[in-house]
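Taking the form predicted alone, here's one chain by itself in structure tokens.
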Amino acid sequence: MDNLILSLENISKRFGATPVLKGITLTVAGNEIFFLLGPSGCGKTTLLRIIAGFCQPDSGRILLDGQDITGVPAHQRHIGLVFQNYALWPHLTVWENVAYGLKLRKLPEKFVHQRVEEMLTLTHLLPQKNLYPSQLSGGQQQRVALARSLIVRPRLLLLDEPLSNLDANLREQMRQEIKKIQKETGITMIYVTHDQREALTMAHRLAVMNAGEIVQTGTPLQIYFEPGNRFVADFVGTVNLLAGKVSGFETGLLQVETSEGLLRATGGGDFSSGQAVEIGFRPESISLRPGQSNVFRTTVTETEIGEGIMRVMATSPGGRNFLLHLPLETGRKLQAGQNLIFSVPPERMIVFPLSPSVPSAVKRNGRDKPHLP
């Protein structure tokens, strides 16, 4: 990887008898927003604390710009951290909060003034410079926390669920603000979240974590459309899955026998004939124009307006339920009881080995079908 900033080598951590991190290895490049995404308790915040220096790993190494910083104290790592609760000084103004790190270093007043003004301009806080944190909105407080971390020009900026305390509209605004600030400053960010949308819309790359391990690393498009296993497919978004068995290969397509008939997918070189697999597709991967492969004949059972889409639940004659995402103008014409034929291009089919420890269908809300999120 070009311009490598951070390398984690086999990082492990236990709290008592409980393993929290199990041999984490990953790399982060310069000028990258890298996300750690996973459910609560998967170890992502512990990993962030280890990178920051607040917690020591039981084994493994942390390299920053090629230098081993595993045993270096947190305040000497040149790493910034933005907390979930902002951690602003309530008795200091916006200006004083942002200037705090530079004043601590006893830098010249003229330099401090110039740098604070630059940061407040960058984060659109100049009009609020004399206000106290209690007089600010949640989004403004979060921008103060960003400015305070950025002003010391850290080599790396860590963000721990920074938007979780904001309402939906503010979260969307701050996502755009953080992306803009990262682009303008060029700083490398590692961002912890359990919010899939945040990761998919902001990340250059992300690592999906589960039970103390990284289960897949890639770009948002790779993670979403090419999940490496069942956990990733189901955790990152919604997926329609069918259990099946590989029946062979034909003209470069993997063929899988399922309860819905023969389905075809591109690739599949790692599978063998007779192997038990799961095959499926994302709700928006469908076409209402009948294709030559993967044609589904269904009946609409439920519709719901989503964010810029129409969510449609449809059921096959065999009782299989599918969640589909259609453009609003298309979906609004559908009604319960109406027949709906759709197909899925082979290149949009998702296939991975069937794990004996995981049920063959996604269980949500007690139903053997995807739900309307």
Partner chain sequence: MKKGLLSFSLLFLGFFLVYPLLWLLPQSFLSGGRFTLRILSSLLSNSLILQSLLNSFLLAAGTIVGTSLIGIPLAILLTRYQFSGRRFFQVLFVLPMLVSPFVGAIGMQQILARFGSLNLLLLRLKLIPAPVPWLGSGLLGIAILQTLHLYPIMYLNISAALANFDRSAEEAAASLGASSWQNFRTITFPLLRPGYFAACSIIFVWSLTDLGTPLVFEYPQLLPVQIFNAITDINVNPAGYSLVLVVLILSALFFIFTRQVVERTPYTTGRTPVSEQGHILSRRAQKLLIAGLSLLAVISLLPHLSIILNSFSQRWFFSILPSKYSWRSYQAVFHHRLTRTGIVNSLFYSSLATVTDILLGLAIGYLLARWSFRGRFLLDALAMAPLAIPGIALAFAYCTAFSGTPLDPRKNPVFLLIAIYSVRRLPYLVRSTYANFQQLNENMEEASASLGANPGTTFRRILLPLIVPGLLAGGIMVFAFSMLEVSSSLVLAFREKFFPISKVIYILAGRLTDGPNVASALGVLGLLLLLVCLGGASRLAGRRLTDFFKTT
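Because the structure is a prediction, the values reported are computed rather than measured. For the two forms, the rigid core is made up of the largest set of C-alpha atoms that agree within 1.5 Å on superposition. Numbering follows the first chain given and starts at 1.
What comes next is about the form predicted in complex with its partner chain, which does not appear here.
Looking at its partner chain in the predicted complex, residues Ala74, Trp89 and Val152 each place a heavy atom within 4.5 Å of it.
Among residues of the shown chain, Lys106 is one whose heavy atoms approach its partner chain to within 4.5 Å in the predicted complex. Though the partner is left out of this view, Thr299 does not reach within 4.5 Å of its partner chain in the predicted complex, counting heavy atoms only. Its partner chain in the predicted complex is not approached by Pro220, whose heavy atoms all lie more than 4.5 angstroms from it. Its partner chain is not drawn, but in the predicted complex it has a heavy atom within 4.5 Å of Gly101. Proximity to its partner chain in the predicted complex, taken as a non-hydrogen atom within 4.5 angstroms, holds for one residue of Thr303, Asn240, Asn294, Gln141, which is Gln141. Think of it this way: in the predicted complex, its partner chain has a heavy atom of just one of Thr121, Asn85, Ser273, Asn169 within 4.5 Å, and the residue is Asn85. The stretch from 130-138, 225-233, 189-197, 285-293 that comes within 4.5 Å of its partner chain in the predicted complex, counting heavy atoms only, is 130-138. For the stretch 36-62, the set of residues having any non-hydrogen atom within 4.5 angstroms of its partner chain in the predicted complex comprises Arg49, Phe54, in sequence order. For His75, a C-alpha deviation below 2 angstroms is recorded between the shown form and the other one after rigid-core alignment. Once both forms are fitted on their rigid core, the CA atom of Val295 lies less than 2 Å apart between the shown form and the other one.
After superposition on the rigid core, the Cα of Gln255 moves by less than 2 Å between the shown form and the other one.
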